[in-house]
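To begin, one chain is listed below as C-alpha cells, in the form predicted alone.
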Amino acid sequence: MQEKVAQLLKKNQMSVTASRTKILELFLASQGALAHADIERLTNGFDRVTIYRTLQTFVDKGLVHTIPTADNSVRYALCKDECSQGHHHDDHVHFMCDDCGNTYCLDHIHVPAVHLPQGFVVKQTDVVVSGICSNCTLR
C-alpha cells in the first residue's frame, strides 16, 4: 500500500511525508468518508493542525472531496481519477447512515444538472441522503 500512496502523492506533485502517507492510507483502507476527528483518533500522534493542513492540501490537489453534514461539519472522501487540482468532478450522491454514522459515496447515482439563471455559476452541488445503510439493515 505504501507504494500506491507514494505514487498518488507524486502524481499529484506532493512530497511524501509521514502525515500525508498515513492519512492517505486511512482513506484507501476506508469504505466510507472520514471526519477530521476520525483521522485524529486513527493517526495517534499527528496534531489537529497537521491533519487539517493535510486534508486541505488533498482537497486542493483533487485527492479528496468534502461532504457537508447536517451538523455543519465536514467529512472527506477519496476522489476518483477524474478529479484534479482545482477541479472536482464528484457529481454523485452521498449517503449518511443514521445508525452507524458512516458516510458513503454512491458513485453510480449522479446528481442531476441544476440550471441556474443567467449570471449564476455552479461551483459545487451536494446531495446528501440519510437513512439506514445496508450493513445496519442486515443486523
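The numbering used is simple: start at 1 and walk along the sequence shown. By rigid core we mean the largest C-alpha set that fits within 1.5 Å across both forms. Being a predicted model, the structure only gives us computed values, none of them experimental.
Keep in mind that the form predicted in complex with another copy of the chain is not shown, yet the notes after this line are about it.
- The candidate spot formed by A6, E25 and T57 lies out of contact with another copy of the chain in the predicted bound form, as no residue has a heavy atom within 4.5 Å of it.
- At the 4.5 Å threshold, heavy atoms of V16 stay clear of another copy of the chain in the predicted bound form, well away from it.
- By the criterion of a heavy atom within 4.5 Å, R48 is excluded from the residues contacting another copy of the chain in the predicted bound form.
- At a distance threshold of 4.5 angstroms between non-hydrogen atoms, S130 is in contact with another copy of the chain in the predicted bound form.
- Under a 4.5 angstroms non-hydrogen atom cutoff, another copy of the chain in the predicted bound form has T69 among its neighbouring residues.
- Taking a 4.5 Å heavy atom cutoff to another copy of the chain in the predicted bound form, the contact residue among A35, L42, V93, C100 is V93.
- Residues L106, H108, I109, P112, V114, H115, L116, P117, Q118, G119, F120, V121, V122, K123, Q124, T125, D126, V127, V128, V129, S130, G131, I132, C133, S134, T137 are the ones in 103 to 139 with at least one heavy atom within 4.5 Å of another copy of the chain in the predicted bound form, listed in sequence order.
- Positional change of Q13 between this form and the one not shown stays under 2 Å at the C-alpha, relative to the superposed core.
- With the core held fixed, A29 shows a CA shift below 2 Å between this form and the one not shown.
- For A113, the Cα coordinates differ by 2 angstroms or more between this form and the one not shown after the core has been superposed.
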